[in-house]
Each structure stands twice: as structure tokens, then as C-alpha cells.
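Consider the single chain below, provided in C-alpha cells and representing the form predicted on its own.
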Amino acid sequence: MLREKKSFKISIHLTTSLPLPAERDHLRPRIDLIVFMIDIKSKYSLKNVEASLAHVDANFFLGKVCFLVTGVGRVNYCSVEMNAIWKLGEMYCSPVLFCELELEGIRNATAQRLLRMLQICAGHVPGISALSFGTLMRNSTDD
């Protein structure tokens, strides 16, 4: 994702769970987008995301959170019910994206989509707010 062309600087912070350590709050840059990754082959992955959601400020659910489901090319090996993932998206008013990380084309398209979401969430796209974009994303999955 960092190799994609962009006109703004991004920092990516990876963590296995929330909350983030409080002692580094003063050093942490502003958080514009939270992407929760769920590995469809791991029930632990879903449980970890569900536990972490309690530590996210409610304001982030106004368009600055999404769920990225990985491993979707291996539906035969699913350990996570798709309904549980869709319910998370509905419950937290957040879009659900799907990606097969092992396929370069899909991985690159997903990275570009996430970068565009980040641009919007960070306020770099005039006339579109994170909230309005989040609403559009949710409505497009309902169709």
C-alpha cells in the first residue's frame, strides 16, 4: 500500500488488538481510518476484532472504520460465518471489504480502494466527508 502513488503522507500502525498503549498517545499521529482485518479461516481473528471494537471511540464509527475480510478465495476452509461478518458491518455502520491477499491484482485493487478511503477520511477530498462516504459504501453493499 505504501508503494501506491499518492499526494499525501501516510503512516500505518499495525497491532494485533486494541487498546493501543496509552503511554505513547502523545507521540501517536492522528488516526484517520481504522481497518479491522478478519481472516476468514480463523475464528480467533473474528473474536479478536469483536473484543477490540469495545476500545474504539464511537466517533470513528461515523465513516472511519471498515472491516477487511481476507482469505475469501478459500471458502472451503472458512472458520467464520459470513453472517457474523455482515452483522458486524451492520451493527457498527461500517463497510465490509473482501480481499484475497495471495492474488496480486486483487491485493493491489484493495490497496488502492483503502488509500482512497483514507484520503476521504483524512479530509483530502473536497466535498466528501467520511460520514457521507461511509453511508455510500454501506448502501452499495445493500443493493
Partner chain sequence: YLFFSLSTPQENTDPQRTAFLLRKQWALYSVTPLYKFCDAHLKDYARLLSAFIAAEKQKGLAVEIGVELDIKVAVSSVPDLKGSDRDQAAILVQLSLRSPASLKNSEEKLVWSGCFCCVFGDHLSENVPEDFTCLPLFLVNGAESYTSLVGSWFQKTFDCCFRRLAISPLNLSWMATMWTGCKVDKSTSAVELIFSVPCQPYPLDISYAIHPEDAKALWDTVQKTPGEITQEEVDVFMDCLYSHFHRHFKIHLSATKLVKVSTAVASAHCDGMIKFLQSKYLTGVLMLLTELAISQIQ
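Positions refer to the first chain, counted from 1. Only a predicted model underlies this, so the values are computations on that prediction, with no experimental measurement involved.
Missing here is the form predicted together with the partner chain; even so, the following discussion is about that form.
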{"item": "4.5 Å heavy atom contact, residue 28 to the partner chain in the predicted bound form", "value": "no"}
{"item": "Partner contact for residue 107 in the predicted bound form: the partner chain, 4.5 angstroms, heavy atom", "value": "no"}
{"item": "Contact test in the predicted bound form: residue 44 vs the partner chain, heavy atoms, 4.5 Å", "value": "yes"}
{"item": "Residue 97, heavy atom within 4.5 angstroms of the partner chain in the predicted bound form", "value": "no"}
{"item": "Heavy atom within 4.5 Å of the partner chain in the predicted bound form - residue from 101, 35, 51, 78", "value": "78"}
{"item": "Contact stretch among 112-120, 88-96, 36-44, 64-72 - heavy atom within 4.5 Å of the partner chain in the predicted bound form", "value": "36-44"}
